[in-house]
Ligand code: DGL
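Encoded as structure tokens, the following chain is the form predicted alone, with no partner shown.
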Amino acid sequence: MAVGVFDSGLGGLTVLDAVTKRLPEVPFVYFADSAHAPYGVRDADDVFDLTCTATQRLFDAGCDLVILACNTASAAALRRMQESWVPHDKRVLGVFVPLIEALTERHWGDNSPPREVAVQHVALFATPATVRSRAFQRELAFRAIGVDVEAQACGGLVDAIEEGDMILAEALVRSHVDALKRKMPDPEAAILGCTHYPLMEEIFQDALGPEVSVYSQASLVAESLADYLDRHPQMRGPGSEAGFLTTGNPKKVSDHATHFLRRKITFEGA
């Protein structure tokens, strides 16, 4: 009944933490492609190839369902994977869907025409690759009209978080928020479009101001996954062991992950 959770690095641990708390009976296998992180500076073909390789490793570990807890992979690779690569008896889901459901207040299966929603001015903070893909804007346009999205590529932020340099990370957050507000002075909502960014949510909120609603992914993904497994119980894979896999140096990644989640995490080589 194992479910896979994939990220290019450690950001997806924010999602893993939330889904583990929401579904304590489900064993999760987490895969960090740390040797190739960050994905946010790579081109779409590279992201596709790396994501397929990692996802196959999770399939091999007994996971029939894999969550791409990486916005860059969800933006640049997911649709192509679903159309041309994912086996018929497996499923790969991304992390944009729960965000868009929350923002538009409509279920993903609602295929009625796009309509106006309450929020009209949205700031999107994401990696350069996610911003280039325009995947968030494309998916949002299927469901909502009249929403102005201003995207800000947050170069350097993932690296700072992965290295545990929170002083630099805070400075980068404030710099990127300033840059966004020069383009959109009064956003009503802000999307933290990278699973690393929830660790900096308080800084984003402080820099944006209390009047801006900040949407973070981890809890939204957890609720969405619980609902999906209720509706598709057959997608609980045959694996029975939880675990942590990485393409990087297991000790270094384990040390960073332990600091990241503030509990002991032990990675094995993938």
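When you see a residue number, it is the position in the sequence shown, counting from 1. Just so we're clear, the structure is a prediction, and the values are computed from it rather than from any experiment.
Below, we refer to the form predicted in complex with this ligand, which is not included among the displayed structures.
Participant: Would G237 show up as a contact with this ligand in the model of the complex if we use heavy atoms at 4.5 Å?
Facilitator: Outside the cut-off, so no.
Participant: So in the model of the complex, is this ligand close enough to V158 to count as touching (4.5 Å, heavy atoms)?
Facilitator: Answer yes; at least one heavy atom of V158 falls within 4.5 Å of this ligand in the model of the complex.
Participant: Just checking whether F31 would be counted as a contact of this ligand in the model of the complex - the rule being heavy atoms within 4.5 angstroms.
Facilitator: No.
Participant: How about F204: is it within 4.5 Å of this ligand in the model of the complex, going by heavy atoms?
Facilitator: Because no heavy atom of F204 falls inside 4.5 Å of this ligand in the model of the complex, the answer is no.
Participant: Which of 204-212, 37-45, 52-60, 239-247 has heavy atoms within 4.5 Å of this ligand in the model of the complex?
Facilitator: The contacting stretch here is 37-45.
Participant: Heavy atom within 4.5 Å of this ligand in the model of the complex: which of A123, C194, M200, V92 fits that? Just give me the one.
Facilitator: By the 4.5 Å heavy-atom cutoff, the listed residue in contact is C194.
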